[in-house]
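Just one chain follows, in the form predicted on its own, and it is written as structure tokens.
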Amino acid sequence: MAVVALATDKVLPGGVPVFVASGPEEREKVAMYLSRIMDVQVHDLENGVYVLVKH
């Protein structure tokens, strides 16, 4: 559904919106808010990228 990343070099343009955060705290906050708004789950890829998916 979406991607929240710390750096744009970790993400290639694709079919989902990409949100770039300025730091780890902002990345977590944005992912949490988006997950609540979109009713999706957040998965941490452990490379500075969170992926939001609908199961």
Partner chain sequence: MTSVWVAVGIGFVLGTVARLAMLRTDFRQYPSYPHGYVSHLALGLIAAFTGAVVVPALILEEFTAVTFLVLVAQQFREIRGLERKTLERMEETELVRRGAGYIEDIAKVFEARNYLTILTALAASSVALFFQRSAWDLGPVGALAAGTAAGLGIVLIGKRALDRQPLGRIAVVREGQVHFKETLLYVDDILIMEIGLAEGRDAYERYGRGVVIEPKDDNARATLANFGQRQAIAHDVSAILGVRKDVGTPEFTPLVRLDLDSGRAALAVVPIEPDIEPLLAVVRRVPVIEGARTRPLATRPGRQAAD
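Residue numbers count along the first chain shown, from 1. Everything numeric in this text was worked out from a predicted model, so none of it was measured.
The form predicted in complex with its partner chain is left out here; the points below concern that form.
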{"query": "is_contact(M32, its partner chain) in the model of the complex, heavy atom dist at most 4.5 Å", "finding": "yes"}
{"query": "Exercise: V18 in contact with its partner chain in the model of the complex, heavy atom 4.5 Å", "finding": "no"}
{"query": "Interface membership of V40, its partner chain in the model of the complex, 4.5 Å heavy atom rule", "finding": "yes"}
{"query": "Contact label in the model of the complex: D9 to its partner chain, heavy atom within 4.5 Å", "finding": "no"}
{"query": "In the model of the complex: members of 11-26 within 4.5 Å of its partner chain, any heavy atom", "finding": "none"}
